[in-house]
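First comes one chain, alone, set out as structure tokens in the form predicted on its own.
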Amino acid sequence: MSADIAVLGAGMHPWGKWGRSFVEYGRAAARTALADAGLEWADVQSIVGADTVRSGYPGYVAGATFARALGWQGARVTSVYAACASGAQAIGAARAQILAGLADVVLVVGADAAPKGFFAPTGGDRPDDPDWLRFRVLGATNPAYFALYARRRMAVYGDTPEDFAQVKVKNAAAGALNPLARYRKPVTAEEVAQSAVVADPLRLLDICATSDGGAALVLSSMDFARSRGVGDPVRIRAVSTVTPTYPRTVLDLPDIATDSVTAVPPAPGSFRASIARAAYEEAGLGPEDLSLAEVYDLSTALELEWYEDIGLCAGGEGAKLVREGATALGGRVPVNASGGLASFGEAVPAQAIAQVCELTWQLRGAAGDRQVPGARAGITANQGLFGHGSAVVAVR
């Protein structure tokens, strides 16, 4: 049995700080995706919502919340949460339902209404919660651990703040071409260097913002797609949601210590690399087959890490790729042709879905001025806290 499913529709609500309910963003994205698929909400047999923890109980049961917002019609409902990987987990749940024959058409929706400033833990005292502890014990907001990774790259590989700045320059240039992005202005390396220091060595323009936004996909079986006259749809071929391997030897917040390697040797590769590797194995593809990639650039330095983790280059060579222009539009393998988190900011449950929306438009040849010529295969990748991560491979 083929593991491919079809992407019939993709839709997004523009990212920004709109001050409205996440439900509004998700409903708008869903309606856009349904229109793109040429389907009505009544045609959908299952809806999967990616949860948000910032909007009370409706956010915890996002699948039902979006179903109600669209109008109850009896569809099967699923709600999932996996931190930054929530959207990809929702795609994985939808794919499983389709391949199991439980539904022919599934709507996947994620949306968020983010707070101003950095993300913080939910309220209450929870001394057994490592995420609560990293804020209360270390005072470590997300940029603090982004900076730890950046410093590690500088110490181990010789990366420089100037290398990090070039990632922002590249992504801002792509985002300026994307009407759905929050930030649509080109940025220079000098502007990055002159922005305020947030967590040394990272500056304000090295770090993604928090944003409001919504994204949705209409997924179906290949048979259903053909029955609707869609003979060559974009296809999702793999969804990877693997967990880390013990021991973990690089500090990865919210954990505030590494595992011991006294009795157990270190794992042969990083957690993030294992996410992409599992996706490639399932899809029967490799990094050499990619036309483009969408990765989780929470910071400029973390994007360089992802180049290595998805196999575009060897460890320590990420900065070389960005210096050569290999990952820019027009380069060998454009990364974050959408503009990435640098141009969107992070709307957590929507972001991994938005990554697949971008792959869909690119593989259709419908990405406008940011189109990657002849795109045939792409991968998305992100990491959520607490051992969640995801990668999706789409082909045409």
Partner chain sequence: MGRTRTPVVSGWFTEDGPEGGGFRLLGTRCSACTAVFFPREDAYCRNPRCPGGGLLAEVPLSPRGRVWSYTDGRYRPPAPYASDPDAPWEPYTLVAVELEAEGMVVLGQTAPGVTVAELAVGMEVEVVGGVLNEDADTGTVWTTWQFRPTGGAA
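Positions refer to the first chain, counted from 1. It should be emphasised that the depicted structure is a prediction, and the values quoted were computed from it without experimental measurement.
In what follows, reference is made to the form predicted together with the partner chain, a form of this protein that is not presented.
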is_contact(Tyr296, the partner chain) in the predicted bound form, heavy atom dist at most 4.5 Å: no
Any chance Arg76 has a heavy atom within 4.5 Å of the partner chain in the predicted bound form? no
Spell out, yes or no, whether the shortest heavy atom distance between Asp259 and the partner chain in the predicted bound form is within 4.5 Å. yes
Verify the contact flag for Glu288: yes if a non-hydrogen atom of it lies within 4.5 Å of a non-hydrogen atom of the partner chain in the predicted bound form, no if not. no
Just to confirm the contact call: exactly one of 87-95, 307-315, 138-146, 159-167 touches the partner chain in the predicted bound form at a 4.5 Å heavy atom cutoff, so which is it? 138-146
Looking at Arg151, Arg184, Arg226, Lys320, which has any heavy atom no more than 4.5 Å from the partner chain in the predicted bound form? Arg151
Considering non-hydrogen atoms and a 4.5 Å limit, which listed residue (Met222, Ala189, Leu251, Leu102) is close to the partner chain in the predicted bound form? Leu251
Identify whether the partner chain in the predicted bound form is within 4.5 Å of every residue in the set Phe271, Glu282 and Phe386, based on non-hydrogen atoms. no
What residues of 178-198, in sequence order, lie within 4.5 Å of the partner chain in the predicted bound form by heavy atom? Ala196, Val197, Val198
